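Read the single chain below, which is given as structure tokens and is the form predicted alone.
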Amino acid sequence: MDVELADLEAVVALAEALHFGRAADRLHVSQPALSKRIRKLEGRIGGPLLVRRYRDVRLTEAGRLLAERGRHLLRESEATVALSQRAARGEAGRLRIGFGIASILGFLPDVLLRFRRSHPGVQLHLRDMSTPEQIEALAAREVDIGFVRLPVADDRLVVRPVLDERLVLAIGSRSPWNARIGLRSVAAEPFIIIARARSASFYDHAISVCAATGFAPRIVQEANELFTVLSLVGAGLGVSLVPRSAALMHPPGVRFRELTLPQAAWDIAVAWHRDASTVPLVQRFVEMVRAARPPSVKRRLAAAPRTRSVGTR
């Protein structure tokens, strides 16, 4: 049995007015039309919803229960329509975001906080993913936004550069360092590195930077988390190549050294499926991302020798 919202509105109006004429005026329909709707509804239900008296009406128990439940359903219907309208404006809904190592450290948290404050009706679902995983998920519409390492060659996606990153050397207090020869200072040191299973693109980039300097790193430990890598470096177990934004973590006992190699640099872009270019929620987030200013990690590193709290004496 189907009951329309207009049927519930009629029952609720009669329950509150207890008079066909006043209820019809409230609903902006004629009294005969209202009477016809109620009779049809009573036929579908299988019993009377109200008792008609000379000057007014009285609800039966079936009518009282239907009116009571009808009020709730009408409120839910209004709230659902309002929520859908907000979603159409990009003010509500769900946004699935993929991210990688560098974007979550130096850029994304501030954007997420500001977006949540300005869009409290949006649910943010975050997934830690490598660039190839993000590209695949974006293409399959399993995530809505990604932060990917450039270049990306996939016509299904739109990419816009938002952040430039570069690898820096993370060393402990006793590790050698000679600014004149740079990365070759640690060619003989044990290396601790993000596992290739965690991020193949990051792992390969670190290896290629060492190769550009003229050596292959002696990797003694791989780890899935950057915090673990930095903790092991701080404990003196080796050195590492990490994103420059890792300095924002303030790891104790770790010094960071800039690398002048052009191969150390890479770009990060915000990406979305081409078909989502007209989705208001996606575009609102992209606009905020592109307007954001990433923290100046370079200035932090320049000041590091005077900042003992980050272990960069």
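Between two forms, the rigid core is the largest collection of C-alphas that superpose within 1.5 Å. Values in this document were obtained by computation on a predicted structure and should not be read as measured data. Each residue number is its position in the shown sequence, starting from 1.
One more form of this protein, predicted together with the DNA, exists but is not displayed; see below.
The listed set S35, T60, Q263, Q283 contains one residue whose heavy atoms approach the DNA in the predicted complex to within 4.5 Å, identified as S35. Of the residues L259, V29, M288, L248, just one reaches the DNA in the predicted complex with a heavy atom at 4.5 Å or closer; this is V29. A residue is said to contact a partner when one of its heavy atoms sits within 4.5 Å of a partner heavy atom; R274 fails this definition for the DNA in the predicted complex, lying far away. Within 4.5 Å of any heavy atom of the DNA in the predicted complex lies no heavy atom of R69. The candidate spot formed by R116, H125 and R127 lies out of contact with the DNA in the predicted complex, as no residue has a heavy atom within 4.5 Å of it. Heavy atoms within 4.5 Å of the DNA in the predicted complex are found in exactly one of 263-271, 248-256, 38-46, 61-69, that being 38-46.
Taking the DNA as it sits in the predicted complex, the stretch 40-59 comes within 4.5 angstroms of it through a non-hydrogen atom at K40, R52, Y54, R55, V57.
Annotation for V57: C-alpha shift of 2 angstroms or more between the shown form and the other one, rigid core superposed. Once the rigid core is used as the reference frame, the Cα position of P32 differs between the shown form and the other one by 2 Å or more.
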